[in-house]
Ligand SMILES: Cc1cc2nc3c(=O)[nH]c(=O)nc-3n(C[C@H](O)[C@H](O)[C@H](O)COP(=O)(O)O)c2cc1C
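Here's a solo chain for you in C-alpha cells, the form predicted on its own.
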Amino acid sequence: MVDLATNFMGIKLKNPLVVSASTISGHVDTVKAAEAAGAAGLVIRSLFEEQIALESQRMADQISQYNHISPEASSYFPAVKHGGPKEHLMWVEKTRKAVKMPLFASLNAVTPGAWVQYAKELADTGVNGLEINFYYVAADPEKSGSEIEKQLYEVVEKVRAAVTLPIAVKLSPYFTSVVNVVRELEKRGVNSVVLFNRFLQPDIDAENESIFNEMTYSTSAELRLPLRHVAILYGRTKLDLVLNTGVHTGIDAVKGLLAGASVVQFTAALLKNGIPYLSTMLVQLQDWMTEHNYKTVDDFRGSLSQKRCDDPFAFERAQYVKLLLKQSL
C-alpha cells in the first residue's frame, strides 16, 4: 500500500491534491463533497477588496438616490453602513466548522491597509494558512517591472508582520525573473509559492465589435508552464512549491510531483467531471506509484527537476533549437 501523505507549509496533508480557489468553496455541500472524495485541503475563493468597495458604493448610491426629493425624510432612518468583509469572514468560519480538512484563505487587496486588516481578520477564522493572491495586470506604461515587484514585497512584508499563519503567494507567470522573485519572497518569510495565477483573458467579438469575458477551463496542455518553473526552482529554494493550472488527471499530478511540487492545486477537472472525480485522480496517482515501485511521495518528488534530471537543459532554451531543427522541412 502506497503512502500519499505529504507536508505543506508545516501542515501534514493526507495526499498532495488540493482544491484551488473556486466556486466549489461557495457551498458547504460542495466543500464537504470534496473532502469526502479525498481532497487533502481546499483554498477558499478570494476575498477581493475591490468587490467590497464596489458593493459599498452601490449601497450608498441606492440609499441616497431619493435624498433630493425629501431631504428631511432621510433622517427618519438610522444610518446604514456596508458590512465590509463580514459576510465573507462569516462564510469562512462556517466552512471551517463544516469540515476537518485543512482550509486556506485567499486574499486580494489593493490598499496597504486592507491587505493587513483583512489578513488579520481571515487569520481569526480558524483557517490553516493564507494565500496572497497578487492578481496584478501590468497595464501602466509608467510603472516599471521593479516597481511592481517592490509593491509585492511590501505587501508580503506587511502581511507577514501581521499574522503568524503560514503564507503562500500566488504569482503571475509574467515577472521578468520568477526565480529571483521567489528568492526575494523567501527572504521575507513566505512559506510557499503558487505557480501560477491564471488570469481572466478578455476576448473580442468581431461580428458585434465588442469586448466580452467568459471563464474558460484550463487544459492539461497548460501544465507545461508551471511544470517548467517548478522544476527549475526545486532544490534552489526552501519554499514549498505549488503547481497550479493544467492538472486534470492523476498523471498530471504525478508530473508536478516529479518536477518538485509539494502539492498540486486544481479545480477545472472537478467542474468538468464532477467532484467525485477527485477519487479517480487519487487512484491514478496510487496506481502509478505502485507500478513504479514507489512507497511514498517523497521517494520520487523532484526526481525530474532541473537539478536532478539527466538533461538539465531540457527546461531551458537549448531544447528550443533542437525542436526547431527536428521540425524543419
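It should be emphasised that the depicted structure is a prediction, and the values quoted were computed from it without experimental measurement. A residue's number is simply how far along the shown sequence it sits, counting from 1.
What follows is about the form predicted together with the ligand, which we do not show.
The three residues 5, 14 and 254 each lack any heavy atom within 4.5 Å of the ligand in the model of the complex. Although the partner is absent here, residue 33 sits far enough away that none of its heavy atoms falls within 4.5 Å of the ligand in the model of the complex. Although the partner is absent here, residue 198 lies within 4.5 Å of the ligand in the model of the complex, judged by heavy atoms. Put simply, residue 268 is close to the ligand in the model of the complex: some heavy atom of it is within 4.5 Å. Contact check for residue 192: every heavy atom lies farther than 4.5 Å from the ligand in the model of the complex. Of the candidate stretches 90-98, 158-166, 234-242, 210-218, only 210-218 contains residues with a heavy atom within 4.5 Å of the ligand in the model of the complex.
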